[in-house]
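Encoded as structure tokens, the following chain is the form predicted alone, with no partner shown.
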């Protein structure tokens, strides 16, 4: 492949031909697989930093510099283009976050299964988009098969197509709550909410994910019309308080869009008692939505399924495969107990999309139930991995990470200078580092110490963990979401926190 322009038109053709050349794709693809395999081997062996920390302006300047260097001003041989691509790939791998490093114990973003990425690459390169069936026939079939099978695993009727796949938990929760609004409030899609008096409310777990609050704003409910249910001693939704709140709202004829429960809530990984919550909602005739973005995958585990018992009783459920099913981002699923409700989210016409000559095909068109029109084939990686390894892989991933978190909790309890907040129900664990030098200081000093310690550790590249606030206090927070992390490495985390913590105390 050589660019040898003899005129502007020839130059354009040569440039385009080079960009689309299948042989270049073959050679670059082979090199990419080698680079990725080497990279995964290094980081999974815990070599090098977890986070390649650089100041944001440094990264932005480096990225801009590559854009300026990319213009083709003279003929290029294929090997020159391939060398250029390899340079960019190496830079990308050297400056990113290494989630496959076993010292990554941070956000609820997993060390994704590499095989899933290869399946995703097929539909990405061939651009199998989804809005109508004919634009992505196999992608549509794969999505429906995955939705059906996971729905059955949750406990929805066998063989029913109960939902959809969308890009991320925030969009999934928005879609489900939009459906709840339209079903509950009748003509709200056409007429809006301006005339509603009293204003409708959304009842939520007190520590519901912020995307639920966003949804209230986007849906026109208003964040001031969120009613938060107090928590019990395990930071779960208090069912007695929920019952009292719904009783009061019904007595005042306040429209209730939905109750949004959590399985699990983000701060400490608390699972609401869904069977009891569902019973209360049923008695008050209220739509029950469950944000099971993180914890929904517990349905695969014989040992931990009890945590999500009752999901099948909800009117809508959200589960993120890009969390505890270890898929690459983004792949979120929405389920409805009543399959017909998936048509209630939207009411629109698009003659250029939906073919009136084949009305029976409309039920297979993704665009009628999804916020997105053009949508990537997000379920392909999940379908591929499930088809290769079976559902037992997901059970193994859940069981191993939940068990390791429990062992980590027990380790923290044995140490004199670490204090765990509460026993973990899943793979989320919250604690503080409290050496003797800091224990008698003010709450503000202790909180500042936790935050500074976290910042020092992640910028060092030694480990990656996050922070959270509970009842106004700062804590360190880990999510064991790399199944290759070991107890030995978690012991190294404690040593790392001590090293950085003692240096901070000496400096201050």
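Not measured: the values here are computed from a predicted model. Residue numbers count along the first chain shown, from 1.
Same protein, other form: the form predicted in complex with a small molecule, not shown, and the subject of what follows.
Residue contact check for residue 275: none of its heavy atoms lie within 4.5 Å of the small molecule in the predicted complex.
Residue contact check for residue 155: none of its heavy atoms lie within 4.5 Å of the small molecule in the predicted complex.
The small molecule is not drawn, but in the predicted complex it has no heavy atom within 4.5 Å of residue 367. The closest non-hydrogen atom of residue 435 lies beyond 4.5 Å of the small molecule in the predicted complex. For the residues 150, 334, 264, 378, the 4.5 Å heavy atom test against the small molecule in the predicted complex is passed only by 264. Think of it this way: in the predicted complex, the small molecule has a heavy atom of just one of 322, 103, 342, 304 within 4.5 Å, and the residue is 322. Checking 223-231, 290-298, 403-411, 157-165 against the small molecule in the predicted complex, the stretch whose residues place heavy atoms within 4.5 Å of it is 290-298.
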